[in-house]
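Single chain ahead, written as structure tokens, the form predicted on its own.
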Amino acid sequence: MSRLGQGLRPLVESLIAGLIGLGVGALIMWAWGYNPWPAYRVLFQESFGSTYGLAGALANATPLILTALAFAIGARAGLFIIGAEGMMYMGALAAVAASLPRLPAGLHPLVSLALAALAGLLWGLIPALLRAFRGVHEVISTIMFNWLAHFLAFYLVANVLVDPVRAEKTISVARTARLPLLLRGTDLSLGIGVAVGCALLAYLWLWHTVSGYEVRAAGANPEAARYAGVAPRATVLGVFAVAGALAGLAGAVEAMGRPPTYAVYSGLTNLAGFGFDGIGVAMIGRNHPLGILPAAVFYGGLQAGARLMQMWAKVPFEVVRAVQGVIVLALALPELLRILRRLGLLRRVRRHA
């Protein structure tokens, strides 16, 4: 196959998978007695057909880009880091805590972002050490640390960083630390610039530096990479550090750039799910930093348009979520199968079938 054909193959696969997902979603709505055509028209027209809708899609995409990068970089190294959810909680709370000292307006956002990245990095360091030195699988350890972060964040929101006036949330992020809004009347902030910048840096690192090549080599063929001199422990620690910092930034941009309260709510309702949704976004984007950008915007548009499907097309929330899930699953399936094929899991399933 030519190089052009190889380059176009993922795009063709994604287009076919997307059409299948839309078709299955239409069948679900039709089976429950709802007309899928006006529902889809509202979904895409209101998400991408207006400035306000596009701004909402980009705002939703902002944290998803960062959590997807956290998973994708791990996947490129052969690691399944699914701890972005917990790392994101720690980053958001660190950004809120950074509002306590008084700092100049130009410096304060940078300090908050740096502390959030550091908090996510440190939270991810323990699973990294467990994997590198004790062989504990990262799926098990990061799931456990997601729950630890969940309940620790509950405690911090309710007892340490609680707003004395509104007990359902933390103190608000200081005005000097907030990310400026890019479009008045929307919640699209400068955080989208932070997320896109991180994606571009991740691409340059993975494909244009020696250490990035070593990370990809370790994921493609661990034995060959070890034979070539790539240190497996250093790779694990470095990848976890980058993933943790990115997930921490995801929490920060959500807390610092989402009006009107600029805080973390009790129950983590404004943060929950972004870490796990990032896994789907990463797979839709083929675990490539540049592919993640349109994937996150598309997913963010689905989130923004889902509310309008309920309002204008009268499709119940449960059906909307089912349709969303089918579309995302269909788009993510080609990359999931590629990962399973690389790990040899499909051959094992066929052997035992």
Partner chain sequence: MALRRIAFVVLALAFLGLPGWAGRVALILDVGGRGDLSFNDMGYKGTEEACAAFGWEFVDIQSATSADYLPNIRNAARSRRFDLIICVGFLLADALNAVAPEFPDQKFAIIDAVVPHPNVLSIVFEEQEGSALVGALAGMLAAHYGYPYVGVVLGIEIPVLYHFEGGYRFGIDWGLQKYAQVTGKKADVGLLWVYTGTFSDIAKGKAAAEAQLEQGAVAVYNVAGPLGIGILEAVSAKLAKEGREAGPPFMIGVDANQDWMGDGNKVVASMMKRVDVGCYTAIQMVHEKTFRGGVLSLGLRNKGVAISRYPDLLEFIDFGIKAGVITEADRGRIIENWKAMRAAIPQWIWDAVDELEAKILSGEVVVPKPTTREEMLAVRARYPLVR
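For clarity, every value in this text was computed on a predicted model and none was experimentally measured. Numbering follows the first chain given and starts at 1.
The same protein also has a form predicted in complex with the partner chain, omitted here; what follows describes it.
Engineer: Just checking whether E138 would be counted as a contact of the partner chain in the predicted bound form - the rule being heavy atoms within 4.5 angstroms.
Structural biologist: Contact check for E138: no, nothing within 4.5 Å of the partner chain in the predicted bound form.
Engineer: Is it the case that N146, even though its partner is missing from this view, gets within 4.5 Å of the partner chain in the predicted bound form, heavy atoms only?
Structural biologist: Although the partner chain is absent here, N146 would stay clear of it in the predicted bound form, with no heavy atoms inside 4.5 Å.
Engineer: Would you check, heavy atoms only and a 4.5 Å threshold, whether R41 touches the partner chain in the predicted bound form?
Structural biologist: No.
Engineer: Using heavy atoms and a 4.5 Å limit, would one call A167 a contact residue for the partner chain in the predicted bound form?
Structural biologist: Yes, contact at 4.5 Å.
Engineer: Of these, 311-319, 23-31, 66-74, 286-294, which stretch puts a heavy atom within 4.5 angstroms of the partner chain in the predicted bound form?
Structural biologist: It is 311-319 that comes within 4.5 Å of the partner.
Engineer: Exactly one of G106, P260, P180, G229 has a non-hydrogen atom within 4.5 Å of the partner chain in the predicted bound form; which residue is it?
Structural biologist: The residue from G106, P260, P180, G229 that makes the contact is P260.
Engineer: Of the options P222, G193, P101, G267, which one has a non-hydrogen atom that comes within 4.5 Å of the partner chain in the predicted bound form?
Structural biologist: None of the other options qualify; the answer is G267.
Engineer: Listed by sequence position, which residues of 128-152 have a non-hydrogen atom within 4.5 angstroms of the partner chain in the predicted bound form?
Structural biologist: Heavy-atom contacts to the partner chain in the predicted bound form: H150, F151.
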